[in-house]
Structure formats: C-alpha cells, structure tokens
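As a starting point, one isolated chain is supplied in structure tokens, in the form predicted on its own.
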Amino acid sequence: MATATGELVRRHRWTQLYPELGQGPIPTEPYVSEEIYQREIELIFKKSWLRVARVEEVPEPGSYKVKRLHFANTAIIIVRAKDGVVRAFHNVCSHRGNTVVTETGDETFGHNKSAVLPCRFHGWVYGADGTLVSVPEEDRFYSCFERGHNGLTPVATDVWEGFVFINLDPRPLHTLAEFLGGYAGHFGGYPYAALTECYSYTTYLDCNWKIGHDSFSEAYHVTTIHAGSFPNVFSTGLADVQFFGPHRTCAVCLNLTQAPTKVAVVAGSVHRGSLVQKAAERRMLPPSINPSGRHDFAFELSTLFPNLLLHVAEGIWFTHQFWPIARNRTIWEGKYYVRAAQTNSQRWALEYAQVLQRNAWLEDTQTMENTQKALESGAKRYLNLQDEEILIRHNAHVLADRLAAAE
C-alpha cells in the first residue's frame, strides 16, 4: 500500500505541491465564448504589461518600431529619444487623427537621424520624446490651441533585461517591477543581448489565443507531435515547476537514453544552436535556472502573463507570443536567438538546427486550428488535464480569478 501511495504521489506531484489548483477538468467555454474574450481584452490585455520589442530593435536616437495591436484597435510607436530613453506613444497625430508613422504591416521599423516623427498629412512634427515641436502655419490656429498640450499620447513604458514593455492603461495599477515580481529575479542576469542571431516566424492562426498559448506550455505532446522532428528526444515530464503570481516556469528535460543522430552530434560540436544536445558547459545560465544542475536539463520553459512564453537554455533563448485578434483568431510570433555564426561550418550548424526547430514549430501550430474547430462544435464542455499539464491548469485559474475579481 505504501508503494502504491508513493507512486500516486509521484504521478500527481504537481497538484500535490499546488493543491489549490485542484485536479478536475477545466471548462471549454473560455476558448469559444465571445463574452469571455471581450472581458479578457478589456480587463487583462488592456491592463497588463505586454512585451512589444527588444531594445536592440531601436538601437539609437531616432530609431523606432511601430507595433500594431489589433485587439486594442491601435498601433504603438516605440522610439528611442536623444536622451537615450525608450518611450512609447499611440500612432495618432494630434491634428486630424492620421497615423504619424505610415505602417507597412503589423510591425514597421524606421530611423530618423534628427530623432523626430513627422506626420506626412500636414507636416506636424513630433520629437522622439513625444513633444510637438513644429506646426506649419501655426498662426492660423486659434488662441485655444497650445502646442505644449498636443504632443503624442504617451503609453506607459518600461524595460527589463532589454525587453520593452508597455501598458495600455493610462494609470497602471502596478509598475513593471511589481508586475514581474519574483519572475524578474528568476530570469534576470541571462545575457539575452549577447545572442544576436534571430530566426523570426509569424503567422495568423484561426484559434483562440489561449489554445496557442497552451500548446507550448507542456511536454506531454512531444512523443506524438514531434515524432518526426525530435523523436524521443525530450522527456514528457516537467521539472522544477514554480509559480510567480500570474507567471509560471518549469524545466524541460532530455531523454538521455536516446542517442542523438550523427548529424546532430556533428552540428552540436561545431556551434550551439539546437536544443537536441545538452550543453557541455554552463556559462550563461543564472543560478536560478536548473538550480540542481540536472544532467538532462534542456531548457527552461516559462510563461509571462498574459501572452508571452520565454524559454532559456545554455547558448539559446526563444519566445512565443500570441496576440489576440478575435475570439478565434490569433497572431503567433516565434523568435529564436543564438550566438551569431563566425565561420561557414557554424553557419551550417545553425541552419541545420533551425530546420529542425522550424519543423517542430510547424508541428505545434498545425494542432491549434484543429483544436479550435473541434471545440466550436460544443461537443465537449470540459478538458481533462493530466499532472504534467500543470502550467495550463495554472493559467486557467489565473484568468478565471482575474475576471472574477473584476465582477
């Protein structure tokens, strides 16, 4: 009996550790309900800190990035001013409401050496600090017009470890540091900026943002979905699960009984670009990551509430971000960072690693639309989660609690 009880505890280790999350199924309604979706937008996305850029994307004064946020019907200009500070503003001119920067897609990049943002409609010019610095034929406006009161509309902005965050709430309830809490300390100190080679992917998915988010929040699927790209490479079990308020993290581990392919061994010996092979040395990871020094450690998988997944490994870090467009429509952005290649052989090793990674992400994303399509039928009212899907369970509880608190 004692042995059976111990085995049950092992199989249910995470809900034993976090009993407040329960063990029952979670409802399907949040994935298909228009009402819940709208409440998530108003009460969560428009009030939370959201990662919108890296500081390397706006490297010098006058550099800017415009990020369209479909869920909020707005676009945000992220710009570095002459004082070196990165600020954010709504992309709306104070004159007649035209866009200041002409957008060429969901993300638009540019650089003005004078560190100004001119609106092409009537030539109003804004400084990179948001102030209105020039108005053609200003004397024709009336005495009620004051240039000092008509700068760009600011958006709360802050930076952590080179990640640029904004908050659409004009008066955020918490600072970014307060919002991140213990998550900041756990992931602080990793040399994100040192890994400059970025492989970036974006696509539109016909699914609720949470379906995409959930798909990258567990390893239960690796033996089935990734049988082609990573056959028997990763363990289905998680390690070191921790919660930091609404955020969560864990370690994904390798299956050390599975020998890597010969080409993977050669590529890994040339350059660190793949998660398939364990790192030979620990040089980048802060002590909070893989604290017990597990030999099978592959990478740390974390989700930063509400829509960012940040993963770190030795010599590799990558993100997934899901931007809601509609109840059943989402933009997925995947970015994979490694150290830049210095030789042709290193370039080959990186390209080989990226072929595997790209295929794995294609395998992941192809499940998401099918899940949405099936749930739309209404045939299932609940989803059954096993113990290793604890991150999904935690996210469901956090979202439900946030919406309930606003009632």
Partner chain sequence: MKSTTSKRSKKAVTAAGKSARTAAKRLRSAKTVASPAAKRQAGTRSKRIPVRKGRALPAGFEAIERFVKRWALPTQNRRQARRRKSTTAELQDFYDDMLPVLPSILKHVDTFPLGELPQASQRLFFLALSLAEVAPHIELYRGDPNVPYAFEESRFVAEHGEKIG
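Residue numbers count along the first chain shown, from 1. Model, not experiment: these values are computed from the prediction.
Keep in mind that the form predicted in complex with its partner chain is missing from the display, and what follows is about it.
Novice: Sort through Leu362, Ala374, Leu43, Val55 and report the residue having a heavy atom within 4.5 Å of its partner chain in the predicted complex.
Specialist: Of the listed residues, the single hit is Leu362.
Novice: Phe121, Tyr220, Tyr204, Phe141: which sits within 4.5 Å of its partner chain in the predicted complex by any heavy atom?
Specialist: So the residue touching its partner chain in the predicted complex, by this definition, is Tyr204.
Novice: Exactly one stretch in 227-235, 79-87, 157-165, 133-141 has heavy atoms within 4.5 Å of its partner chain in the predicted complex; which is it?
Specialist: Selected stretch: 227-235.
Novice: Would Leu69 show up as a contact with its partner chain in the predicted complex if we use heavy atoms at 4.5 Å?
Specialist: The answer is no: Leu69 has no heavy atom within 4.5 Å of its partner chain.
Novice: Taking heavy atoms only, is Val263 within 4.5 angstroms of its partner chain in the predicted complex?
Specialist: The answer is yes: Val263 has a heavy atom within 4.5 Å of its partner chain.
Novice: With heavy atoms only and a cut-off of 4.5 Å, decide whether Leu356 touches its partner chain in the predicted complex.
Specialist: Judged by the heavy-atom cut-off of 4.5 Å, Leu356 is in contact with its partner chain in the predicted complex.
Novice: In the predicted complex, does Glu351 come within 4.5 Å of its partner chain, counting heavy atoms only?
Specialist: The answer is yes: Glu351 has a heavy atom within 4.5 Å of its partner chain.
Novice: Do all of His186, Ser288 and Phe297 end up near its partner chain in the predicted complex, with near meaning a heavy atom within 4.5 Å?
Specialist: The answer is no; none of His186, Ser288 and Phe297 reaches its partner chain.
Novice: Mind listing which residues of 331-356 have a heavy atom within 4.5 Å of its partner chain in the predicted complex?
Specialist: Residues within 4.5 Å: Trp332, Lys335, Ala341, Gln342, Thr343, Asn344, Ser345, Arg347, Trp348, Glu351, Tyr352, Gln354, Val355, Leu356.
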